[in-house]
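Before any questions on how it binds or moves, here is one chain, the form predicted on its own, in structure tokens.
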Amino acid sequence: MLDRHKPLWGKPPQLKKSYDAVIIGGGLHGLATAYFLARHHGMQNIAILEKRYIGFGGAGRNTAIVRANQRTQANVPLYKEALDLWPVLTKELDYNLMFFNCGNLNLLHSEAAVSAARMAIASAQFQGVESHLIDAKTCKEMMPALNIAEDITYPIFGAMYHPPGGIVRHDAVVWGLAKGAAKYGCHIHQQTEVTGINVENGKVVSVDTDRGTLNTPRVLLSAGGYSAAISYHMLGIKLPISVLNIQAMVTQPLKPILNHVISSGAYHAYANQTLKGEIATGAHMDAWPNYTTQTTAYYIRHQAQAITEMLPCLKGVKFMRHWSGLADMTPDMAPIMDGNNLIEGYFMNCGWGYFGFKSCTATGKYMAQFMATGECPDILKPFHLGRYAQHRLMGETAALVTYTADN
């Protein structure tokens, strides 16, 4: 008889007194790191600690869009490898992640935005990422429902078309990675809150939880929007992270009308059509820091206005569900990946903002290498925490300027 209470990744394991590594956070980055640690580096005595349930945070609250058309030389290779890994992981995990590379259309609404897009496209192409500049007429041919009239609030001048991008089923990725990590012996402990990280002589020695103390020489902090608070309250390490609320929603199911992901910085809206036929759409972040996941009527109205102006055929369609999540934003819109600097055996992977889902596969792979060998892989070196003290911020904010230069 099927046990309906048994998780896909097996029975809940007993909490051991010691582990080779402890990962704080049961999201995509934590699960991916555990999976690669076990599969590629033979480190199977790993505990993943999650205060609530795996996928509770950003992993289960995003709109499932993946792409590799970032702006900076450091970012593009990481996102490109992450994009390339989706079909590989589908096979490795023997789990359908529902990857659909339908392509991304990033709309441009002024000559200034078009000029900025040319630079972003050149940067992407230079590093082997397919990206093209197309005009408004071509946008209409590719997406007939799109409104390219000149009398709308932000007329469409063209778009940055990124064919390799698309969507992946986010909860399938959570379950697939959990299943894969557990297969190699990793322990996933849900409903387990971390209450302290203990350090002796500059080295990590143990982690305190509400279920007991775990001895370990390695700790990875990968708790998304909660990482900054954990870092400060448990280790006194301040991170340059602001936690902002970001909201999303889905419509009632419809016949297929969106054959690409569409986004607009001017309208502060993006959308894709799910396998169920829903139009999943998100907006920009709240402008003030907060730790709530509350939704607001303001954003329902905003999305309705923005989406129906870009896609008039959606007028009258009902929103069925509305949710929000936390985005851990850094000043340069690039993540913090560091380790063995401030405290031996302590690693950080946070500050992803709303880009974390897109990068989790490659990041997990390289963070696992970092933790197993103690040597930071070259691809992660630009993302160290010290760049802020050195005033060497990364230019990923320019990626936002590409789409909002007309504001």
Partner chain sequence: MALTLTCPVCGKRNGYEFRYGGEDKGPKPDGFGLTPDAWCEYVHMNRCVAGIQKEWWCHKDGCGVWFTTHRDTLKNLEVEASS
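Residue numbers count along the first chain shown, from 1. Just so we're clear, the structure is a prediction, and the values are computed from it rather than from any experiment.
The next section is about a form of this same protein that is not shown, the form predicted together with the partner chain.
- Taking the partner from elsewhere, Phe126 is found to have every heavy atom lying beyond 4.5 Å of the partner chain in the predicted bound form.
- Although the partner is absent here, Tyr388 sits close enough that one of its heavy atoms falls within 4.5 Å of the partner chain in the predicted bound form.
- Taking the partner from the other structure, the partner chain in the predicted bound form has no heavy atom within 4.5 Å of any heavy atom of Thr72.
- The shortest heavy atom separation between Thr195 and the partner chain in the predicted bound form exceeds 4.5 Å.
- Residue Lys238 is the only one of Lys140, Lys238, Lys203, Arg118 with a heavy atom lying within 4.5 Å of the partner chain in the predicted bound form.
- Exactly one listed residue, out of Lys276, Lys91, Lys315, His233, brings a non-hydrogen atom to within 4.5 Å of the partner chain in the predicted bound form: His233.
- Look at 101-109, 265-273, 155-163, 292-300: in the predicted bound form, residues with non-hydrogen atoms within 4.5 angstroms of the partner chain sit in 292-300.
- Shown without its partner, the chain has His284, Asp286 in segment 272-286 as residues with a non-hydrogen atom within 4.5 angstroms of the partner chain in the predicted bound form.
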